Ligand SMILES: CC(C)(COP(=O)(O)OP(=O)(O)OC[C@H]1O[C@@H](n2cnc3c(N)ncnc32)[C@H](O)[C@@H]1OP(=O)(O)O)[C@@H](O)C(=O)NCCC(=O)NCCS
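Take a look at this single chain, the form predicted on its own, given in structure tokens.
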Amino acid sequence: MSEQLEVKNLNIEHLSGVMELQNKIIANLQEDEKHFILKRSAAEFLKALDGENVYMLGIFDGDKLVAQSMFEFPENVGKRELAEFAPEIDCDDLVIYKATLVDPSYRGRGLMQELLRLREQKAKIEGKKTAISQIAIDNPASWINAIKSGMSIRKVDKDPFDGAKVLYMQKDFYKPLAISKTKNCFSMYIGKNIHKEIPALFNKMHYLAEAGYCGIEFVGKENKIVWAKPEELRIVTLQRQFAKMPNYFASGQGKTIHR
């Protein structure tokens, strides 16, 4: 990041800059790309800027806000965002990453990666152990950057509220996934024109995630994602498989499964 740029904690005094940056980014998107970003109202940003458990970081060029990132330390597991993902993680250990936005004219300077690094640093200082995030699959720039920052794709599904196709991502700060690069591991090519490949990628990723694989690495030179099946997640895969089986015992019909 350029020495001329400055990182600040955002507060209600920065509301106009936050709204201006969001509107500029959305205005520069193609019509079929506008759903990549969840457009937030001034009231929503104001709540985040003045909240006790929601934080925003910003990067400034002089007085101009050129990048921003939002994250939350949830307080109640029953009410937290993304309650459908990783419910076993205690809220005291969790940080939820939200949108990170960069002014189009400042892209290519590493600002997004810097914000991702800083919000992780803040989460660790506050004693958090795990980060989770939900990213639209047709916003590859965001989920590729998330993978580069150490997050992995753990679940691929449709958002239970609006039906959008999304990736659920996770990073365990102090207990990284135990991965063997020689076993249960392979690369998946994501195509030269990734936006055209999105429908097929969603189906492939969904299948892999259901089978217990995680998207753990992006290989830029080959335009591939490395997928692996951590041994510790096998029990989760088995639970999913059993959940889909007919419940013979509930109806009084016994069935023996031989292995």
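Everything numeric in this text was worked out from a predicted model, so none of it was measured. Quick note: we count residues from 1 along the sequence shown, nothing fancier.
One more form of this protein exists, namely the form predicted together with the named molecule; it is left out here, but the text below deals with it.
Shown alone, this chain has one stretch from 94-102, 165-173, 124-132, 149-157 that lies within 4.5 Å of the named molecule in the predicted complex by heavy atoms: 94-102. Taken together, the three residues 19, 23 and 57 lack any non-hydrogen atom within 4.5 angstroms of the named molecule in the predicted complex.
Under a 4.5 angstroms non-hydrogen atom cutoff, the named molecule in the predicted complex has residue 29 among its neighbouring residues.
Heavy atoms of residue 144 reach within 4.5 Å of the named molecule in the predicted complex, making it an interface residue. For the chain shown alone, residue 110 is a contact residue for the named molecule in the predicted complex, at least one non-hydrogen atom being within 4.5 angstroms. The closest non-hydrogen atom of residue 184 lies beyond 4.5 Å of the named molecule in the predicted complex.
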